[in-house]
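Next up: a single chain in structure tokens, the form predicted alone.
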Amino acid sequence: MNIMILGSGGREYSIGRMLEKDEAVAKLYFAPGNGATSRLGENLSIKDYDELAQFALDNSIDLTIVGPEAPLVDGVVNIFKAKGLTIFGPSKEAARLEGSKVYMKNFLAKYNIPTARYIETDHIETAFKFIETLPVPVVVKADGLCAGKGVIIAMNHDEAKKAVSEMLSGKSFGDAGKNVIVEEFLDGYELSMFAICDGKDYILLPAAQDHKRLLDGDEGPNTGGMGAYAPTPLVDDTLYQKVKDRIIRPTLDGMQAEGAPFEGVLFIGIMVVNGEPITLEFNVRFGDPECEILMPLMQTPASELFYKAATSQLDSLHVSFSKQFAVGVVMASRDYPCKGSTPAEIVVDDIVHDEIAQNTHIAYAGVSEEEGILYATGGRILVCIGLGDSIKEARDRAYLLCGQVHFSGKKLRTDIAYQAL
């Protein structure tokens, strides 16, 4: 099987790492990939989606997997399917669940899926009046894609009004903020859940927890994610069943009723309030860094899972997962998430301890390669992943690996998985 992966981050590297070890995979391509994915397969410099689809035809690509949200929202799946190609990911119409927070919230309300009380508006006075009715904190969201940074948790009403003003004026997020969601703040604990969907059937992966804030103790600015762990002990069978019955099943049924069957990864951001799962948001792809910790827990061949999901055959697949735990710690550049950093050479010490060698690995993200040397060039540079029979063992191994990795300005949290420990 020849497979192409669209994207360039740690998420795409992790998927590629699993596929590279898959006996069913003959050739692996990345478009565009990063400096490390070229060690797993062939990087492509093709950016145009029509040209990529033609490349897939010309090179007998059996399956294309889309990593990030932007190509999905732009309709890459529609382009590939129009040429008769097999591609894993939602259509442009289904990707509106992430592409427009307004569409997503209205969808939740229409199909009675639990979510926070909200309004959506492009009128500043309407937003201000609703803000006054809410207790603080208040959540303000830009409608469109903002690379995971379009959500403001305002600690008072004036701060919420300022956030709305800056979004609607285009100052904060350009056109993505010209329509806003204002909603009540939910007090509970947050989870990331991922369902692999084929339009009507789905497979729910182990629940994960992400760490969005830059600094230890959940302090500092929001980021794309500074680490994650799975599975989390904060979820039991009862909660899983509630998510299935109240969120996933009505979402798949609702998307079919909307004429946009959902195929691909449904990423559900959940807040658990007094034991009840409330939907914070949908994304239409794997989270990052959650993908990096979920991939090594999969025991079913990744090629089989993604191909059967892309061809509406999930009902014929039994998926199994490791009973281990995985913890991922993100290493970021000095000035992340505020601005870019000067490229710095990455040095990984020789690993002499079998425990680290056999139970850890690196997922590379913001890196380039020159003459066989990797350089840190992005915001989030890499993720150190540890596996273990307990969360503590997995975390300790992940941090042992962190101690083996060096580059100028490296930044990381030291408390990943603290909620569980």
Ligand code: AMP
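Everything numeric in this text was worked out from a predicted model, so none of it was measured. Numbers follow the displayed sequence, beginning with 1.
The same protein also exists as the form predicted together with this ligand; that form is not shown, yet it is the one meant from here on.
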statement: As a check of understanding, the residue in Leu108, Leu134, Val73, Leu280 with any heavy atom within 4.5 Å of this ligand in the predicted bound form should be identified as Leu280
task: Could you work out which of Ala116, Leu314, Leu145, Ile79 is the residue within 4.5 angstroms of this ligand in the predicted bound form, going by heavy atoms?
output: Ala116
query: With the partner left out of view, is Ile196 within 4.5 angstroms of this ligand in the predicted bound form by any non-hydrogen atom?
result: no
message: So in the predicted bound form, is this ligand close enough to Phe321 to count as touching (4.5 Å, heavy atoms)?
response: no
message: Contact with this ligand in the predicted bound form for Glu183, defined as at least one heavy atom pair within 4.5 Å: yes or no?
response: yes
Contact of Val235 with this ligand in the predicted bound form (heavy atom, 4.5 Å): no
message: Counting any heavy atom within 4.5 Å as contact, can you tell me which stretch out of 164 to 172, 342 to 350, 82 to 90, 136 to 144 lines this ligand in the predicted bound form?
response: 136 to 144
task: Scan 100 to 114 and note down the residues that get a heavy atom within 4.5 Å of this ligand in the predicted bound form; none is a fine answer too.
output: Lys101
